[in-house]
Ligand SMILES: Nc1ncnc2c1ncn2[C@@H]1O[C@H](COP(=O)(O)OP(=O)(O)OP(=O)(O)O)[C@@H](O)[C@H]1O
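Shown here is one chain on its own, the form predicted on its own, set out as structure tokens.
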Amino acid sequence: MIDYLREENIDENLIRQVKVYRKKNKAYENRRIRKPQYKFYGKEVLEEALAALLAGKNLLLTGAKATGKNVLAENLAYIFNRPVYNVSMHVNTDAASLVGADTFKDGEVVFRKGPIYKAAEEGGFAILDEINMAKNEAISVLHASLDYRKIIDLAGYDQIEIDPNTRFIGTMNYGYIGTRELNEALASRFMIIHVPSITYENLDKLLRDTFPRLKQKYRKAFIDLFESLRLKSENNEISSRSVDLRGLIGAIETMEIGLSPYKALQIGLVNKSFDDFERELILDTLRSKFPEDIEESIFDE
């Protein structure tokens, strides 16, 4: 990951501090320390995130769909060599699902530790996905964890002191059904980074890294298609449903299995829209970039 940071031209002072941190705070063998499937590309955002985490701060990553917020969070955890606890936030999230609750085991009442408790114990990175979908009263249990107190108070149990290596990384999109504004008390406990849409150059890097056998002309065609759909979405010609980077990558993966590019892009991008008129607009864009029958392989042998 240090080589990856240098490839992204990250400030050498930040890289040096990351190396010092990793040497000073060695993590125990932990199956939750996982190499991310994809790399995050974006020098400025990476530098901001590294600086905040090195300073002991928590992060809130905001931005539109397909900007790579979760990919960034997973990359940061791996760069710092910390175990990851992914927590999907939703309207039914409560304090017990975050911190833990009493349960029966072998005829006795014991405390079942939640992901926040475990991250606090192990000095892990807790990724709070779609944090603005949970009710404010549920997340309020984290207030003392996120500020200078660094504690978790459990009713009927001892107070838990949070490992100094623990970091909380929240991600959020605006405008999704079920989302809400974060209250000021919670937002003030994060350093907030707005993650911009992936650039043409960084998307090219991502596809080259993920699919090294993909022929250049087809890689460029996939990027052009994705950019065209994003532009149409920004101009309110179509919704953002088909501007789906996961869907594009998934489509190319099915092409490796043998599905034709046209059909793969249909199930990966086009069919994400459930409106017939919109789907026809997306199909027109697809037809302008890809013929229905491509005889040659899109991958190098």
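In case it trips you up, residue 1 is the first one in the sequence shown, and so on. Worth saying up front: this structure is predicted, and the values here are computed from it rather than measured.
Quick note: we don't show the form predicted in complex with the ligand, though the next part is all about it.
You can rule out all but one of 270-278, 233-241, 254-262, 62-70: in the predicted bound form, only 62-70 has residues with a heavy atom within 4.5 Å of the ligand. With the partner removed from view, the residue among 134, 120, 198, 169 that has a non-hydrogen atom within 4.5 Å of the ligand in the predicted bound form turns out to be 198. Using a 4.5 Å cutoff between non-hydrogen atoms, residue 57 does not count as a contact of the ligand in the predicted bound form.
With a 4.5 Å cutoff on heavy atoms, residue 130 counts as touching the ligand in the predicted bound form. Among residues of the shown chain, residue 245 is one whose heavy atoms approach the ligand to within 4.5 Å in the predicted bound form. Under a 4.5 angstroms non-hydrogen atom cutoff, the ligand in the predicted bound form has residue 173 among its neighbouring residues. Applying a 4.5 Å heavy atom cutoff to the ligand in the predicted bound form picks out 206 as the lone residue from 202-234.
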